[in-house]
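Okay, so here's just one chain, in structure tokens, the form predicted alone.
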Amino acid sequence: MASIQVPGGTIPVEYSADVVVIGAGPGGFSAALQAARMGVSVLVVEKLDMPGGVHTSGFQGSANEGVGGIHSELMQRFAAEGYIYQADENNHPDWAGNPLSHYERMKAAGSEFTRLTFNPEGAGCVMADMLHEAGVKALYGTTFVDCVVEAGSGNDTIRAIIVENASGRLAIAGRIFIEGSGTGQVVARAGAPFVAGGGPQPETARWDGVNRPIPGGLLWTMSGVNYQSLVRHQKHAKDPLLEKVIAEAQAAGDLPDGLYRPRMGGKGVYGEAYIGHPTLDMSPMAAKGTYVLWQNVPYDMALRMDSNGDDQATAIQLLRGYINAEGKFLKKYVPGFEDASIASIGRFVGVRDGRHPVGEHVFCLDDVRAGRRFRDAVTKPMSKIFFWDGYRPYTFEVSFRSFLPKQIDNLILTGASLSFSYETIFMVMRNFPWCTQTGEIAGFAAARCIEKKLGPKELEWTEPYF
């Protein structure tokens, strides 16, 4: 491809802060909030119009019992504002064990359950207020472009980042930078090492050797759904997976090819999860009659939305087309959706398997299976269920060195951009509580470094934060 010459010149340094956070997802948000509360100057850059990332702008909205620190504070504030919705067996009988349920499909039919979700838009407002209250300078609608890196001996140093917003292209200087993009963007632009997403493939005859990432997805909501009518159809028509109405719509030419594709089987890490969109996939959210639905990127396409602009554009166009088609199908063919309508669509296609930075320690499955302990553990031993291993519970620790990327001396990682192998970050360690905790840890570490005039790799981590 041909290149063009652009005018040279300088980029003005419009802002400077002790701590600069790139991305205000749960990790970046918590990092900025914690550092500011410790008295250092903090600036956060966010490409969208509110904090929270995939959990607000992306409509994930999964509320959990507080795990301490900022996460517990968030859950309390969401509840106080009336933004948490509870679905259970009382208002959603026949939801446990329902094959259309995204989360409860594996439960015994008719069993007790509690599903808490928060209103994404309202939660984003609360999070923006919290940053403002703490004195964080938040630049919304601002896109991270690049890093200005100064070469060093052994480790390089980020002197500034380049961003672009309504003011044009400008530079932001800082002492400590925090990676909150969720896809390792800062790591990549700074020239630090990372591993592209992807891993073992499902064992199918169609596999062609391409190392495909775990597919991303676009979430959307419908309001005005009559859940009782939907369940009556499932039972009376003996159509629990809506296969009969899907076949009717396909015969009439009302469904595009590929919308309801067969699941891909196999023994790879992905199993049957996230492989296309074989049937309706939904969860109650925000209010009675409102549901969040999933559209997943077709696995076969091997799209990398974190690092390829064409792939990102393809995913957006394809999934919005699927959403439009599915919305019309539901209204026309599925009882309970006659008066429903598309209420909102996520602001971006979520990336489940982006870049994996290579840190001073890469947390991996062997660490979990061996129950390794670290002198610089960031939390007390955690117990979590790893569903890639028969839903077995494991107790493990995470080293602070997994927050420190190789080759850069003033960058701290958070959330989905930690130095974790793809199995561990995807299967267990990318949820809202953990990302919030890692952000709080990163913000604490950054503020302590400013206070002690140290770089993150010089900071001695001696006891768990949580």
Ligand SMILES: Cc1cc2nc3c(=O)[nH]c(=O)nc-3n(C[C@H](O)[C@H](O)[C@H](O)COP(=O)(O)OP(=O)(O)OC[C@H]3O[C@@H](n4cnc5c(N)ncnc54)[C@H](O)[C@@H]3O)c2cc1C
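Numbers follow the displayed sequence, beginning with 1. Note that the coordinates shown come from a computational prediction; the quantities given were computed from them, not determined experimentally.
Form predicted in complex with this ligand: not shown, discussed below.
- The contact residue chosen from S41, N431, Q407, S421 relative to this ligand in the predicted complex is N431, the criterion being a non-hydrogen atom within 4.5 angstroms.
- With the partner omitted here, the residue from V187, L74, V351, I176 that has a non-hydrogen atom within 4.5 angstroms of this ligand in the predicted complex is V351.
- Contact check for A31, G197 and V398: none of the three has a heavy atom within 4.5 Å of this ligand in the predicted complex.
- Interface residue remark: E46 is counted as part of the site for this ligand in the predicted complex, having a heavy atom within 4.5 Å.
- Using a 4.5 Å cutoff between non-hydrogen atoms, Y103 counts as a contact of this ligand in the predicted complex.
- Using a 4.5 angstroms threshold between heavy atoms, F144 counts as touching this ligand in the predicted complex.
- Taking the partner from the other structure, this ligand in the predicted complex has no heavy atom within 4.5 Å of any heavy atom of S402.
- Heavy atoms within 4.5 Å of this ligand in the predicted complex map, among the stretches 85 to 93, 332 to 340, 314 to 322, 213 to 221, onto 213 to 221 alone.
- Shown without its partner, the chain has no residue in segment 234 to 259 with a non-hydrogen atom within 4.5 angstroms of this ligand in the predicted complex.
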